[in-house]
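As C-alpha cells, one chain now follows by itself in the form predicted alone.
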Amino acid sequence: MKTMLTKANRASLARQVEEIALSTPVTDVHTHLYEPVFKDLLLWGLDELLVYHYLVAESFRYHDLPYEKFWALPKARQAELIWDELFIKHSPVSEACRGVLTTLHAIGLDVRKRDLPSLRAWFARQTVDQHVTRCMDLAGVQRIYMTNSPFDDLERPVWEKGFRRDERFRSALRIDALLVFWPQAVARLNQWGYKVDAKAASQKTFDEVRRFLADWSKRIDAAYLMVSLSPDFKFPANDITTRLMEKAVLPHCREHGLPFALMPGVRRAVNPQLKLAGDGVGASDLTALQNLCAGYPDNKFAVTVLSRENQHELGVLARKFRNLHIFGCWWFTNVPLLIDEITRLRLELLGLSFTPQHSDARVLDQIIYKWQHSRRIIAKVLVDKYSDLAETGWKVSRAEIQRDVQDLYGGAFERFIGCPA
C-alpha cells in the first residue's frame, strides 16, 4: 500500500537531505591540480579561470581573430578578450561562464560592476597557500586526487628531488604518454635506463615497462593508474596500446593492488588550431570494457565515459561486474542537464555503489563552482529518491542519509581503490 507524503513532510525531508548534501565534505577523485610545491603547474587565479579551454573554445564562436594571433597574445590579453566577448558583449549563460561568476561570488567579490582590473587586483594580493585552503573550504573538498605524469618535464624533477607531501593531496599515475603515444615514449624510457623496443613485442620490453611503472607508482605513492582513450579503442586487439596494457599495465596493477582508471571517448585534436580546446567526443565501443572486466576479474577498473550515448550501457556493465566502479560526469557531460540525468540513471541502476562526480578541475578555483553546482543537483536528485522511498512506507534516518552521501562523495570510491581516508 502506497504511503502519500504530505507537503510538509516532503519539505522537511528535502531540507534534511539538502543540508547534508550541501555540507558533507567531498573527496575529489580526479583533477588536474597539483600540490603547491609544484608552483607554476598549479594553476589558479582569475586569468587562469578565463583562459580555461572551455571558455577559449566558446569565445571563438563570437570573434574572428585568427587562431595563431590569439595564441600569440600574452595570457593576460587573452583573458581580457574572453572577458569582453563572453561577459560584456554577451550574457554569460553557459555553464563555463556561470562557473566563473559562481566562483568569484563565493569568494566574496562583487561581479556586478564587471570591473576586471579590480577583480584581478584582489587575486594579485593572495598567496597560493592561502588560496588552496580558501578554495577547498569554499568547495567543501577535504582531499584532492591529482593527475601525475613522469613524462611531464616540469613535473618529473619535483618528484625526483623529493618533497614533503601535503596530506590533502593524493597522486594518480597518468600513462597516456605510454599507452597512446608509445613511439615518442620509447626514446624517453631508454634515456631513463628502461631498455624497451619500439615494436613492444618482446617480454624484455614488457618487463622494463613494468619496472618503470613500479618505480613511479612507488615514487609518487600512486593511488591508481589512469589513461584517457579514443572512442575507437578495442580490447583485445593486435596493437601496441593493447599489448602494453595486457602484458605490462594489468599485471603491474594486479601485483601492486592498484586500480586502473579508464576514460574512453576522447577524439584528440578534432580542431588542432584550438590546441587543448580542440579535442572532441565520440561514442565508445564498450565491448572493450566488458572484455577487460570479464577477462581480468582480479583487476579493478574505475571508469568514466565522455559520451552521453554510452552512459546507459556503462551503468548496465557496472551491474554485471563488481570490479567496475563508475565515477563522475566528465568534461562535456559536466553540465547541469546531463549531471542530473546521469546521476538519476546511475542511482536507479546501481543504488549507491558509484561516485556521481569529480571536478576534473585544471584551475584550482574551479573546484568551488564545480562542487557548488554539482552538490545542488545531487541534492535535488536525492530528495526525489528518498521521497520515493517514503511513499512506500520506508523511512530513512538522518544517519543513514549521511552515510549514503559520504559514500557518494568519495567514500565508495576510496573503498574500491583500497585507499581509505
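Note that residue numbering begins at 1 and tracks the sequence as displayed. Being a predicted model, the structure only gives us computed values, none of them experimental.
Not pictured, yet referred to below: the form predicted in complex with a small molecule.
**Student:** Can you tell me if W330 lies within 4.5 angstroms of the small molecule in the predicted bound form, counting non-hydrogen atoms only?
**Tutor:** Yes, W330 sits close enough to the small molecule in the predicted bound form that at least one of its heavy atoms falls within 4.5 Å.
**Student:** Since only the chain is shown here, I'm wondering whether H252 would be in contact with the small molecule in the predicted bound form (any heavy atom pair within 4.5 Å).
**Tutor:** Result no; H252 lies far from the small molecule in the predicted bound form.
**Student:** So, in the predicted bound form, is H325 in contact with the small molecule at a 4.5 angstroms heavy atom limit?
**Tutor:** No, no contact at 4.5 Å.
**Student:** Using a 4.5 Å heavy atom cut-off, state whether R268 contacts the small molecule in the predicted bound form.
**Tutor:** R268 belongs to the contact set for the small molecule.
**Student:** Heavy atoms within 4.5 Å of the small molecule in the predicted bound form: which of the stretches 372 to 380, 66 to 74, 385 to 393, 49 to 57 has them?
**Tutor:** Selected stretch: 49 to 57.
**Student:** Would all three of N148, A172 and R219 be in contact with the small molecule in the predicted bound form, where contact means some heavy atom lies within 4.5 Å?
**Tutor:** The answer is no; none of N148, A172 and R219 reaches the small molecule.
**Student:** Counting any non-hydrogen atom inside 4.5 Å, which residue from V281, A96, I82, M263 sits next to the small molecule in the predicted bound form?
**Tutor:** Looking at the other structure, the residue within range turns out to be M263.
**Student:** Quick one: of N310, S228, T103, T241, which gets a non-hydrogen atom within 4.5 angstroms of the small molecule in the predicted bound form?
**Tutor:** It is S228 that has a heavy atom within 4.5 Å of the partner.
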